[in-house]
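This document starts with one chain, in the form predicted alone, laid out as structure tokens.
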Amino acid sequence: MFSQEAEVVVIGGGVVGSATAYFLAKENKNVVLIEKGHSAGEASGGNAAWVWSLTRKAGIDITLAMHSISIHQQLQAELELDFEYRASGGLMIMDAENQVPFVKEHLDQREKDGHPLEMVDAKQVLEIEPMLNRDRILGGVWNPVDGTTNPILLVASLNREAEKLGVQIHHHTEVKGIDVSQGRVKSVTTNRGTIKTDCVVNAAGSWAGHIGKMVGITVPVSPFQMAMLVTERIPRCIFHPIMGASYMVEEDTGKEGGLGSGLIASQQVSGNLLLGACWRDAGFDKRTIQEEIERIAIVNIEAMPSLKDIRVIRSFANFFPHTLDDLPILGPVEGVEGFIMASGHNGHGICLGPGSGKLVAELLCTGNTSVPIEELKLERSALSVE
């Protein structure tokens, strides 16, 4: 039976939306979760599967990440389904001299902000990840709190517990319009019917702008493609998520119109390697291209030569919702009472999603949040800078 009424309608069934629905339900809210496709069918089902804070910048960026990591730990303890969250630590490696000052500046800023990181030498890097190419390593950065998860199982686990708490979840349900009267949300119309509500959470990821138009606002979130490779299952050989420092140095390459690439590697509980990554501005086209596949393979084999004989079973690409300042948009929207933003997580939705959902639930249930989110509002000046 399709829902007719709800206290809160959450649009978007990925990690952010599913966490929001779950935490609202824990506070006895009547919640309906709407997803235009299937469970974890977009960015939450196609990503590096990392819970990663090493490269988060000083300020609200790292504050959000650390808060959300604590929520991952909470969920691991209270959700029934094992979603394969493993906080094994994370490693960033340096293999070029031009990366060193950039990394040191990042560490200095993190130190001043009260979130220090540990610089390790080449010998220590190889002790942490022996398969790395010893001829290329200059050093690295180690962060013990980072790790990996299985995002698809995380969404499934959140959905399962949310439904037990009374959340109505409608997959393959497309939002067609949102009725706003006298500056306030009144209902959500879908291809399956209309739901009366005075509160909507826009957790639609790269489609957040489309939902925003329905209430007459501009949401500056755009899709940005990231491509990766998946290998056959092999015995454990990568013990922590690994990122190349070039990823940080060159992160803006694709955003400027080219094809960006950098080392990303980890191994799932299943034994499959997730290898990446390439990124580019491809609109809503999630097809991988040959150049991406070849570049990812080259980057990873240069870093770990023994991978050359491992079979790749598939490639995939998906979009992360990009904002101009690389920070998510969270909180109420001026002029549209009852419309709450929860999108724009810039490729870090798996790490930040549970924490964002918790903050939105706090906001709607108490009017306050455990982490101040004022600087993440839609109306912040950074989002209007071209």
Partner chain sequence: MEKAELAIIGGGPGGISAAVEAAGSGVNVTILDENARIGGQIFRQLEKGFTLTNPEAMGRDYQKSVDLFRQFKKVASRINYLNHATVWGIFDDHRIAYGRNGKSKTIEYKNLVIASGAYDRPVPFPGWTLPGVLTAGGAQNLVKNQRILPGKKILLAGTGPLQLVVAHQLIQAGADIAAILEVGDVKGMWLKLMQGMWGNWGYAGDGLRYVQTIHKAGVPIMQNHIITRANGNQHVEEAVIARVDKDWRVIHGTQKSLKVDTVCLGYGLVTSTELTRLAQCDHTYDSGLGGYVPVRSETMETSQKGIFAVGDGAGVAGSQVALTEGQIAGIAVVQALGRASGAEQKKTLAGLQKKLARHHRLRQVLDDISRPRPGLYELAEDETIICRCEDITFKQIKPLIQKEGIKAKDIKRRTRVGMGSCGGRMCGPILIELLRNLGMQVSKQPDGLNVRPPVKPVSLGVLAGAGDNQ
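Since we're looking at a predicted model, the values are computed, not measured. Residue numbers count along the first chain shown, from 1.
Another form, the form predicted in complex with the partner chain, is not on view; read the next lines as being about it.
Considering the partner chain in the predicted bound form, find the one stretch among 175-183, 97-105, 216-224, 280-288 with heavy atoms no farther than 4.5 Å from it. It is 280-288 that comes within 4.5 Å of the partner.
Go through I169, C199, A156, L259 and name the one with a heavy atom inside 4.5 Å of the partner chain in the predicted bound form. If I apply the 4.5 Å criterion carefully, the residue I get is A156.
Find the only residue in I313, L138, M248, M119 having a heavy atom within 4.5 Å of the partner chain in the predicted bound form. Looking at the other structure, the residue within range turns out to be I313.
Answer yes or no: in the predicted bound form, does the partner chain come within 4.5 Å of a heavy atom in every one of A40, G46 and A297? Answer is yes for this spot.
Would L263 sit within 4.5 Å of the partner chain in the predicted bound form, counting heavy atoms only? Contact check for L263: no, nothing within 4.5 Å of the partner chain in the predicted bound form.
Check I301 for me: does it contact the partner chain in the predicted bound form (non-hydrogen atoms, 4.5 angstroms)? Residue-level check for I301: yes, a contact with the partner chain.
Contact with the partner chain in the predicted bound form for N191, defined as at least one heavy atom pair within 4.5 Å: yes or no? Because no heavy atom of N191 falls inside 4.5 Å of the partner chain in the predicted bound form, the answer is no.
Consider Q268 of the chain shown here, and say whether it contacts the partner chain in the predicted bound form, taking contact as heavy atoms within 4.5 Å. Heavy-atom contact with the partner chain at 4.5 Å: present for Q268.
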